[in-house]
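One chain is shown next in structure tokens, namely the form predicted alone.
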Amino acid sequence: MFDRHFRLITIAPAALLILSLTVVPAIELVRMAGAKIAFTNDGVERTAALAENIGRLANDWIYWRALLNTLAFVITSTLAELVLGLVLALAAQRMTRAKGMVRTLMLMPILIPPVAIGNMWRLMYNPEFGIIAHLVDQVAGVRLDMLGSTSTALLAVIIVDVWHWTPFMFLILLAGLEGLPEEVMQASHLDGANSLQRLRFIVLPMLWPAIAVAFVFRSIGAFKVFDQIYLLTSGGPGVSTEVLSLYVFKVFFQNNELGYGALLSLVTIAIVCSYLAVFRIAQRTKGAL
């Protein structure tokens, strides 16, 4: 009993600090979402405008296009990173030499700052002298401007995200693979199961907790994507790569529409929470089955 009370007393200050830093801004965000805020010579002027902000959101086609772009970005990039990370982890697990060096090299994309990644990939995508444009020209005979075309710009930023974050999936899944009980793998080998059967009926079911954790972490990270798209396309051409975080940033800080930007922020938070809730329900359903 004493230990329990002691733990509660010791973590209480940190918990209160974290809650105050979260709850207070959230309350202020809710207050702002129902108002129209203007800066005047006398200070800040607030007028009630909840219905106006909601009506504007319902007709804001750019926001809904940004939502579709965000969902496409999250689902496509996360699934691609998961599959590639799993393939690389399975290959690395079989290695007997240089596994440590491979693991270190795989970390390189994560360690590079986003600003450097944006400039590096802009150069590679450059239609005049970029290596990717040159390769596409050699294979398809077309000098393609991937960042400048509305049909390829979103794919181009997804490729950058997959390159950047696949190592994160690789590390989590490799740790999960190395934690699988060796006696189970040896027993399946003695029973005559081939590699595909071991992967389908033993490895993937036992690796499911690591897969779920990696998928949730990267999904949350993909929902927050901002720097890569801002540096590569700034949401263009047109609105083909506009995502929620970038659009909220433009409304809030470039257009200075604080009330409407706060409403967009709250709706975005609700969408992300709904996405995680759906994933949680699907995970429980799978566990029940």
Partner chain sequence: MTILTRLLGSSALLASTVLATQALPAEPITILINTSPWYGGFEALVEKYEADTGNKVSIDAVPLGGLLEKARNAVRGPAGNYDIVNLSNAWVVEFYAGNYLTPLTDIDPTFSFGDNIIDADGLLYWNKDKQWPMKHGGVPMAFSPNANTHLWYYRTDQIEKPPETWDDVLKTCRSKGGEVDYSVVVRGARGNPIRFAFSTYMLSFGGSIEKDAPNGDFTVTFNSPEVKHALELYIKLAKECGPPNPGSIDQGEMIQYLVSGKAKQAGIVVAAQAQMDDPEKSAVVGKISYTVTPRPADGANRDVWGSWQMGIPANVPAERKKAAMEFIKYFQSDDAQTYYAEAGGIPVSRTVLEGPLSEQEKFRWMRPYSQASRYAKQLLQYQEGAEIEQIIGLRLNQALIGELSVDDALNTAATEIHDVFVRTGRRTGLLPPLQ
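Quick caveat, the model's predicted, so the values are computed rather than measured. Residue numbers count along the first chain shown, from 1.
Form predicted in complex with the partner chain: not shown, discussed below.
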Next on the checklist: Considering non-hydrogen atoms and a 4.5 Å limit, which listed residue (L174, V74, L147, A214) is close to the partner chain in the model of the complex?
Outcome noted: L147
Checklist entry - Only one of V30, I54, I62, L68 has a non-hydrogen atom within 4.5 angstroms of the partner chain in the model of the complex; which is it? => result I62
Checklist outcome for this item: Within 4.5 Å of the partner chain in the model of the complex by heavy atoms, the stretch out of 81-89, 185-193, 123-131, 202-210 is 123-131
Next on the checklist: Although the partner isn't part of this model, could you tell me whether T40 comes within 4.5 Å of the partner chain in the model of the complex, counting any heavy atom of the residue?
Outcome noted: yes
Checklist entry - Quick one: does A222 come within 4.5 Å of the partner chain in the model of the complex, counting heavy atoms only? => result no
Next on the checklist: So, R143 and the partner chain: in the model of the complex, are they within 4.5 Å at any heavy atom pair?
Outcome noted: yes
Checklist entry - According to a 4.5 angstroms non-hydrogen atom cut-off, is G235 in contact with the partner chain in the model of the complex? => result yes
Checklist outcome for this item: Contact check, 253-274 vs the partner chain in the model of the complex, heavy atom within 4.5 Å, ordered by sequence, gives F253, Q254, N255, N256, E257
